[in-house]
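First, one chain by itself in structure tokens, the form predicted on its own.
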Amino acid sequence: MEQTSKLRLGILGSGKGSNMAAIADACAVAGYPAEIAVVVSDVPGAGILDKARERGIRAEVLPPGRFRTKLDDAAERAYIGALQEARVDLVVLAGFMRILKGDFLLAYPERVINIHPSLLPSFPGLEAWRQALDYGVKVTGCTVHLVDQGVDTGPILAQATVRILEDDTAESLHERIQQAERVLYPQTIESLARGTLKVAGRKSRIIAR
């Protein structure tokens, strides 16, 4: 049966918001099967908030709580509440610098996705582009994956490759990976909405609720 309602996205981000902007631009194209319902950031003044508001997208700041790398329990409940109030179908992490665990993933089972700047499972964690450059690999890229209880360990949804050039610096390589991300992320969301993506041998589709 053809999906008639658009997938409602809740985007969480801590930085400039280039991936959110790419997704928003895709959503503005006729026939794209998703729309951004809300953008939430843990950083007041983050660029992602400005980019959302410039596009007329609802944008909120929610404090992350007392921990440096994850949401505390009260913050987690607030984030879940904001996403549920916005009737979000799929949570999209776009440079969100907090680990999501526990009740958050239970509230959105297999409905939280992230993009990571390497070809996972290689080079998980921070500054993956620098890890790849230091290791001396010839090809790296980016990966869209489901979020699970680990760090960058969830099932892989899609990948794009980026060749490492002889004169690459960490900065130049990171910029080309980000360019690939801005193409791959909207494509993957579209594939999830349309049911054309297979994960570990099974077809994966996020249905608008």
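Just count from 1 along the sequence shown to find any residue number. This is a predicted model, so every value here is computed, not measured.
Below: the form predicted together with a small molecule, not depicted.
Per the 4.5 Å heavy atom criterion, the small molecule in the predicted bound form is contacted by stretch 92-100, the sole one of 92-100, 132-140, 105-113, 79-87. Of the heavy atoms in Asp152, some are within 4.5 Å of the small molecule in the predicted bound form. Residue contact with the small molecule in the predicted bound form: Glu181 places a heavy atom within 4.5 Å of it. Heavy atoms of Lys16 reach within 4.5 Å of the small molecule in the predicted bound form, making it an interface residue. Put simply, Gly125 is close to the small molecule in the predicted bound form: some heavy atom of it is within 4.5 Å.
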